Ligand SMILES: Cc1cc2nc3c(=O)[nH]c(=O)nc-3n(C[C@H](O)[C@H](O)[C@H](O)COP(=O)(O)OP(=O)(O)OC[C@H]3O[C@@H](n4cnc5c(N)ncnc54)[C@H](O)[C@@H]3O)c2cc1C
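One chain comes next, on its own, written as structure tokens: the form predicted on its own.
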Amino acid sequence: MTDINRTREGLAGRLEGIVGAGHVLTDALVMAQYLEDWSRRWRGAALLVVRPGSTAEVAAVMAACHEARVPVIVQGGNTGLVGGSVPPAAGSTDALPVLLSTRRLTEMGAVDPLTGQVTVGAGATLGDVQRHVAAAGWHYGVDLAARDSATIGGTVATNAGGIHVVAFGMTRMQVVGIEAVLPDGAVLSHLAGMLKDNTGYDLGSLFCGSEGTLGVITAIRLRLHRPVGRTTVALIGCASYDEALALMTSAVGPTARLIAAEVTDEKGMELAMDLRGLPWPLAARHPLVLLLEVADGGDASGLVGLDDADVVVGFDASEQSRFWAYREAQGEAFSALGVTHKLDVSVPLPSLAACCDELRGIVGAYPGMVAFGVFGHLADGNIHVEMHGPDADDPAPDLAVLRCVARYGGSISAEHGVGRAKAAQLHLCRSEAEIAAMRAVKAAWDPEGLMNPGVIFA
């Protein structure tokens, strides 16, 4: 029997005693779905997959892995695009890791109407949480296309953004408490949700954006919002990113609240049309299509100065859903072409148009490029770059995009995280002192280096 098999059998037996035999997976075919991320560019190997069903079980699992000095990879809905939720490639590390899935941690508490807060398990999907709080008359401020697959724990671990950041902020701004298990099995639980609590370090906030490198998030206390009421959604043809940015401010009336501003390029529109069977929505073709959603009572009173624009306006839910489909289908539409390079970056708004124009020139000229898109969350400067054609293992086009963004003072990761994909490029947007400080936190909380090795830090 090989050393790997002996380690697997020994640890598997102990973990089965904690979570039950049905929740320790060792069969290669069953494990396969956990070992490749949604982009299909990142895949690895694991000793086994374990699926604890409570914080107590997570703590016992972590203690067992820590005692055995076995690394742990934490995974939620596995909708990541940067290799942060899957193990490293076989042979790239000294020991195969255990993959810990949080999908069974799905408990959702009652919405507290006094505080406008709710506590949910890390494995609950974003869509389930949205529906849960909506039934109680509240709104959760984070939304993204993978809402029915992405878990709340995963969105917190990556500090996810999505389509409503301009209105409600990133995930970090929705979190008022966290329960998590440290690498040695110790439990940190701070779920009271007090808005004023100045008793030292805010340990929970460190988990927001930590990408599984500090411990396992098991439950989150979320801040909720009152619903904004009826909205109006418009699609507007634009000739340039500069024009789209200008319309984002000039077309929203002073009494309306901007809920979302998204931009999609012509190629992305065509791919979405093919995927979803949609028609071109405007009277003429344009290089870019701007989507604006404003809270204005749903009568379009919040949209101004568009008399000469090529625009269509959606009032009812079905129309608005169809308009959003052009934007939300982008990731899936490019993936339908085959394995695609998917990059998520952000740029200061004053430099956004120039950076996007330069990116289009760089990407379009790259050898072997078949199709590409430069689109995204216009209001917060978060741009997604999709590239199909270059070999999936070729890092050069990714690096060209990241270096371009860095020249404009941007970030190499806006909302998906650093993961394994961008760890070697962290220096492009973080100083040596910042990286050293983050490494010091990692070393203090995970001195054995067992949590998600290779993620964030190369």
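Worth saying up front: this structure is predicted, and the values here are computed from it rather than measured. Start at 1 and count along the sequence shown; that's the residue number.
Omitted here: the form predicted together with this ligand. The next part is about that form.
- Message: Considering non-hydrogen atoms and a 4.5 Å limit, which listed residue (P183, G161, G381, G314) is close to this ligand in the predicted complex?
- Response: The option sitting close enough to the partner is G161.
- Query: Has each of T232, L292 and G302 got a heavy atom lying within 4.5 angstroms of this ligand in the predicted complex?
  - Reply: The answer is no: none of the three residues contacts the partner (heavy atom, 4.5 Å cut-off).
- Message: Please tell me whether any heavy atom belonging to W38 falls inside 4.5 Å of a heavy atom of this ligand, as the geometry stands in the predicted complex.
- Response: Contact check for W38: yes, within 4.5 Å of this ligand in the predicted complex.
- Message: Within 4.5 Å, heavy atoms only: does G77 come near this ligand in the predicted complex?
- Response: Taking the distances in the predicted complex, the answer for G77 is yes, it comes within 4.5 Å of this ligand.
- H416, heavy atom within 4.5 angstroms of this ligand in the predicted complex: H416 belongs to the contact set for this ligand.
- May I ask you to state whether T264 is within 4.5 Å of this ligand in the predicted complex, using heavy atom distances? Although this ligand is absent here, T264 would stay clear of it in the predicted complex, with no heavy atoms inside 4.5 Å.
- Among 207-215, 222-230, 356-364, 112-120, which stretch has residues whose heavy atoms lie within 4.5 Å of this ligand in the predicted complex? Stretch with heavy atoms near the partner: 207-215.
- Residues in 141-171 with any heavy atom within 4.5 Å of this ligand in the predicted complex: L144, A145, A146, A150, T151, G153, G154, T155, A157, T158, A160, G161, G162, in sequence order.
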